[in-house]
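One chain comes next, on its own, written as structure tokens: the form predicted alone.
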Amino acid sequence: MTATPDNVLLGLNFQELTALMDQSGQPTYRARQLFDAIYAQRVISIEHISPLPLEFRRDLGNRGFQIGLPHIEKQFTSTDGTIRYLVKLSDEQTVETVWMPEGDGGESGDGSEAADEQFQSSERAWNRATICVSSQVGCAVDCQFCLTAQLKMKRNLSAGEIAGQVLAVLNERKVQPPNDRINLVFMGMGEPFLNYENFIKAVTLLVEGVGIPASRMTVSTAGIVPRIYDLGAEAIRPKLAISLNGSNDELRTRIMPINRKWNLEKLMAAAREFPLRNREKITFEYVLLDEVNDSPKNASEVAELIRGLRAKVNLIALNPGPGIAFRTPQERRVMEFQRILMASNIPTFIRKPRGRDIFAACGQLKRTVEISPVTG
């Protein structure tokens, strides 16, 4: 039977499962058994939930209920160990999810202090990794340097489809939080803040059900200002990363049209009012485009924008792709940009590209099925 939003269990929280048990004439403790089976144990079929009575499992199946875990359609492995998964949803749409081993947020920049420490350590740990998660099929934000923008917007993902990417990858990699340290970055296909309710619900399910702490999650936004305020009010929330990419309004509007709606003045006001927790910093991501936004003047303008904020900057040299009209800057320009920010006492990291050869790097996710050599 085809999974529909009405018969998929993945994405229901504990309260919703409790209501389902009540409707089914089952004791409420069955909701906890079902919740743990779906999220902590990551079972793939109702018939495998052995704590539930066999008769009840059959009843759920006869009523059309399914767990609804997304299916990994294809996977591509980079020379650096990064894996790009093409994940098929129940309506045959696909999204991409990326596994980056060794706890390294790579070019995505997961915003966690732990990841920064990992960058400075040569220790290799097989049970540390970052998963980059998609929130939409396609994207409506239209950043000019991003391959996902070429897909345009197809639809939002449900909370179950967002969390399900994580569950599918954890199953495929055979890892188990919290014993295996997993970071999550909501930086895949789509703008999470344009699918805010489903994104936040997925975060809560991953925290309460799977056991991944919110402190190991980061969400990146292109600058949906009202939702930055909403995120700051959430009891359970990831860390905040803002995709900046332009040092002034004229430049940022040219490469990120969303700046017309929420300009730098509004964006930086929201950043300054964001309630940071103890030792927390806002991450500003800055994709460097050769001779477009990577000059010393641009660096000085970025330093002025961020001055006084508890923040850090992730510099990302453009990851190239077909149809992208920009070039990757030379290393010396990247290093000079970093030097200027560091001179202003702004912690600044150059994120090494991960999975660039399989179109898994930042800005490269486009549901690419065939792999062509990447140059640039």
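Predicted, not measured: the structure shown is a model, and the values here were computed from it. The numbering used is simple: start at 1 and walk along the sequence shown.
What comes next is about the form predicted together with a small molecule, which is not displayed.
Picking from 166-174, 87-95, 139-147, 297-305 the stretch near the small molecule in the predicted bound form, with a 4.5 Å limit on heavy atoms, gives 139-147.
Contact annotation for I49: none of its heavy atoms lies within 4.5 Å of the small molecule in the predicted bound form. Among heavy atoms of V287, some come within 4.5 Å of the small molecule in the predicted bound form. Heavy atoms of M187 reach within 4.5 Å of the small molecule in the predicted bound form, making it an interface residue.
Under a 4.5 angstroms non-hydrogen atom cutoff, the small molecule in the predicted bound form lacks G160 among its neighbouring residues.
Only one of A317, L341, L60, A31 comes within 4.5 Å of the small molecule in the predicted bound form through a heavy atom, and that residue is A317. Residue S243 is the only one of S243, T218, T82, N195 with a heavy atom lying within 4.5 Å of the small molecule in the predicted bound form.
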